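A single chain, nothing else alongside it, follows as structure tokens in the form predicted on its own.
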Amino acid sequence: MQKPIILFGGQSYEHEISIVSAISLHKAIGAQCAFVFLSPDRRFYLIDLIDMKADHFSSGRYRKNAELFLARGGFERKTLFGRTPIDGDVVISVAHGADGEDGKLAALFDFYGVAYVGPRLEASVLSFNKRWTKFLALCAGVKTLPYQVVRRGDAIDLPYPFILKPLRLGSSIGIAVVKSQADLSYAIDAAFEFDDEALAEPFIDGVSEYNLAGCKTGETWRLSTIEEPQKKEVLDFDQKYLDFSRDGKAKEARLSNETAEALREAFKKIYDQGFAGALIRCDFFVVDNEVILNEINPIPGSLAHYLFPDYETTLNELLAALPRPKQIAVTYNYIHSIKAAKGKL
């Protein structure tokens, strides 16, 4: 395996989740890694392995680590005689939420020519906003639930029960099930605490939900086990994230061959909408034997290592098949031709 740089943190409601993700991912891949922490004030720090503990970040002690700077080709640290690149071949981002999943870091990495695992700019933008995820699924030919985007004070036209979610947030933060008028005030407060827009969808009690992760390496698909997560009414924050650092692997859901294949085909259609270079997880519903996309997780918790029987092989193949941006040769031929014709410019 190439030496990866695990990048985590960011100015995000999911900042703390990202820290746990980085620790979990390092345990899963077992490779020598460099760790780069993106602080809430958007500064990069090189973190020693011995410091990869949650309280190192919550206490602010990370500020004593070496600060890094993004330059052409990768991260650099200041030295007595200038700047020196840090040791690492490719960035693996587990910066969840804003900064990591909204496209900011993808744009920076593309601009500076940094090799990275993660969604590129367009895929980030489309999958970070739940409304635009609906458009992406429509283009891919994958069904979604009907929905309404609302601002505080808007009337919600969906019948009860429905679920209300912040429009630009993951990790099941700020979601609430609205079964009657009595539930509405709390749900609105929960959703709009984190965003100024929310997405309302029908709530289907007892619906079967399945998680599937994967990537495409060249012409080869690397797909995970299909997991049916255990949940109460909805898959809330605690169920989703107090469990993903587990050491064991996910159990294969009990599905018919036809349903399992339908889920895989839906995943491929979504991934082919611009997710090359990323390992993503899609969460699906199955209603009356019909596959419906619930959400796209462009940077899933701990990069979904627990869903793969052979995660190291999957990651190695992805690292070897990352997209290479086209280099545009700037020749100045147009300017030279004008100068030759007019004598000056």
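Start at 1 with the first residue shown and count on from there. Owing to the predicted nature of the structure, the values given are computational and were not obtained by experimental measurement.
Heads up, the form predicted together with a further copy of the same chain isn't pictured, but that's what we're talking about next.
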Answer with one of Val177, Ile86, Ala260, Leu108: the residue that has a non-hydrogen atom within 4.5 Å of a further copy of the same chain in the predicted complex.
Leu108
Counting any non-hydrogen atom inside 4.5 Å, which residue from Arg264, Lys249, Arg151, Arg77 sits next to a further copy of the same chain in the predicted complex?
Arg151
Would you confirm whether the three residues Thr144, Glu209 and Glu228 all fall within 4.5 Å of a further copy of the same chain in the predicted complex, going by non-hydrogen atoms?
no
Of these, 154-162, 217-225, 181-189, 97-105, which stretch puts a heavy atom within 4.5 angstroms of a further copy of the same chain in the predicted complex?
97-105
Is Ser58 one of the residues lying within 4.5 Å of a further copy of the same chain in the predicted complex, judged by heavy atom distances?
yes
is_contact(Phe44, a further copy of the same chain) in the predicted complex, heavy atom dist at most 4.5 Å
yes
Proximity of Ser24 to a further copy of the same chain in the predicted complex, heavy atoms at 4.5 Å
no
Can any non-hydrogen atom of Ser172 be found within 4.5 angstroms of a further copy of the same chain in the predicted complex?
no
Select from 126-149 the residues with a non-hydrogen atom within 4.5 Å of a further copy of the same chain in the predicted complex and write them out in sequence order.
Leu126, Asn129, Arg131, Trp132, Phe135, Leu136, Leu138, Cys139
